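Just one chain is shown here, as structure tokens, and it is the form predicted alone.
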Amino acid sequence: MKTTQARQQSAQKNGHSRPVLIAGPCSAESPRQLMETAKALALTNRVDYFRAGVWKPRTSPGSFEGVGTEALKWLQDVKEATGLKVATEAGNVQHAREALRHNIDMLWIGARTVSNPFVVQEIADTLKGSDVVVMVKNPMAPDVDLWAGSIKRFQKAGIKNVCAIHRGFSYWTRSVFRNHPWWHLPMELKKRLPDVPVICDPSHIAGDRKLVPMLSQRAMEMGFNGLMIEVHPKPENALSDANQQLTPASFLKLTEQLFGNIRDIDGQYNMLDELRAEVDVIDQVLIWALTNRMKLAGEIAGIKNKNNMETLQPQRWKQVITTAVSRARESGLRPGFIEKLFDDIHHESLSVQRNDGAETKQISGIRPTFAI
């Protein structure tokens, strides 16, 4: 059976360059489950690293939190039997030490861990001098500075092979995605750190195996350097993230279609559907923002009434619209569109403050226009 290095050399000799593929179950559940999955993936001759979570950071206590150090031996057995390099998550210094002791080839730093610079630095110091590959997932919040900062900590510790993983960002309301992709954020990271490969984790973005092909295709079209996909022999019985894991057969079909340049993946891929899903999420953000803006308008009304102030404050409005139009120009939006939008928001705010929608109509004839 070919090793990862042999597969890469073969691809280079044939003039082909393909993204790195990392695949395996969300969690290491048993030696049999790991070996069954690994052997099936090794036969595809496409996988570069076999992944499995040994320690699982769960939101609620009582959930399956991984087998622990014992499962690292299972990964060693997989490596010996299949020739696949192996990867797992390190959430703290002890995890990193145990992984090094068991010759794990690749470690990923999870979203929760990345959000804590103290822990990231401790893990980076522990890995100093090793040749382990480190993958840094994006933090839970959409914070590119925090993400880039974590990557730099490992680089400064002398880790030669550091890459980023885009696994989507937490969002406070439900959407079609488990974690919203916000594609512009990994693109910003690539701009800031052009030498750092960026891998996409469509499984955690999707939360639903039916969306994984669509997201994988999108990532490849955007120039990501690889994919990390969760694969389980019987996903419906998985102890964690059952809904988002593919079977080995589904994974093989996906990779064949991706790298065979087949546009339509099993009839499921439709860029229009994904873009509309992203628009739906942004619309929810707009509604949330407008709702909170009107709540603030109500609080402002209370202060104005208490101090016998006029509801309409022309100077304040001029300041607001001037700033909004200026930012619109900087962002490439049509100033006229933003002026009209904010004009409507302003009148609705006045309606809230006066607590009488009819009074909004009375001031409609004095909508201020400014030379800006």
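Please read all numbers here as calculations on a predicted model, not as lab measurements. The first residue of the shown sequence is 1; numbering continues from there.
The discussion below concerns the form predicted in complex with ligand PEP, not included here.
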Quiz item: Tell me which of 276-284, 125-133, 79-87, 103-111 has residues with heavy atoms within 4.5 angstroms of ligand PEP in the model of the complex?
Solution: 103-111
Quiz item: Taking the shortest heavy atom distance, is Arg46 within 4.5 Å of ligand PEP in the model of the complex?
Solution: no
Quiz item: Though only this chain appears here, would His232 touch ligand PEP in the model of the complex if you measure heavy atom gaps against 4.5 Å?
Solution: no
Self-check item: Contact flag, Leu34 vs ligand PEP in the model of the complex, heavy atom cut 4.5 Å
Solution: no
Quiz prompt | Heavy atom of His95 within 4.5 Å of ligand PEP in the model of the complex | solution = no
Quiz item: in the model of the complex, do Arg18, Cys200 and Arg218 all reach within 4.5 Å of ligand PEP through at least one heavy atom apiece?
Solution: no
Quiz item: In sequence order, which positions of 23-49 have a non-hydrogen atom within 4.5 Å of ligand PEP in the model of the complex?
Solution: Cys26
